[in-house]
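As structure tokens, one chain now follows by itself in the form predicted on its own.
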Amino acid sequence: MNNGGRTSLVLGALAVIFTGIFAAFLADLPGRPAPRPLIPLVDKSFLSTATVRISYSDLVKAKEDLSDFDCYGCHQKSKPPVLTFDENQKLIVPKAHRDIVMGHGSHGRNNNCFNCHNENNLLVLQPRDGRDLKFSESTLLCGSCHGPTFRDWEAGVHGRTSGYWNRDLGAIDRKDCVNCHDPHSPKFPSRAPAPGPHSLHESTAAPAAH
């Protein structure tokens, strides 16, 4: 057989082979890998940059209705409110303030309105040093008792600080204590952790036995 005949034979054989492979591909004879499962999207709640609470300062900046903070809309200016305690010296929260849960400290001795509010002027707060503070200055009130935490807050290692490290580029926004902590019950509630990063690779681990 001459070279031309051999070439024709080889090309014919290759044509038959590739035709068979193409037909097998169309018929899906070797099978195809199962489609990868969709990667679930992260819950949008984990992407929110909002604080868990809104401070008085935030309401003032947003020009919101501040009538809830007008204590003398109900109380008399010339008559300090009378606090009532049960037989265990536990404060009885009036029905008008039933949304307030008192839990400031595990010992319960700080559950007294006038430890923070000025009974002679309900529109101001009173720290340990006797100053009068506006509601928008509540963080200074917290710092009068929680000194180490307040110093951490000032240094930017406690709480939420956003903005610019380089003050020449812009200002910072340091959130108040009450943006995260309920002043009447400051213990921060637990939160579900955000999901870890997805590897984008198939899992080779054996399924856990049940």
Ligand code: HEC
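Residue positions are given as counts along the sequence shown, with the first one as 1. Just so it is clear, the structure is predicted and the values come from calculations on it, not from any experiment.
Not pictured, yet referred to below: the form predicted in complex with this ligand.
> Please tell me which of 42, 54, 172, 60 lies within 4.5 Å of this ligand in the predicted complex, judged by heavy atoms.
Of the candidates 42, 54, 172, 60, 54 is the one lying within 4.5 Å of this ligand in the predicted complex.
> Would residue 75 count as a contact of this ligand in the predicted complex, using a 4.5 angstroms cut-off between non-hydrogen atoms?
Flag for residue 75 set to yes.
> Considering non-hydrogen atoms and a 4.5 Å limit, does this ligand approach residue 162 in the predicted complex?
No.
> Hey, in the predicted complex, is residue 64 touching this ligand, heavy atoms inside 4.5 Å?
Taking the distances in the predicted complex, the answer for residue 64 is no, it never comes within 4.5 Å of this ligand.
> In the predicted complex, does residue 131 have a heavy atom within 4.5 Å of this ligand?
Although this ligand is absent here, residue 131 would stay clear of it in the predicted complex, with no heavy atoms inside 4.5 Å.
> Relative to this ligand in the predicted complex, which residues of 153-189 have a heavy atom no more than 4.5 Å away?
Residues within 4.5 Å: 153, 158, 159, 160, 175, 176, 177, 178, 180, 181, 183, 184, 186, 187, 188.
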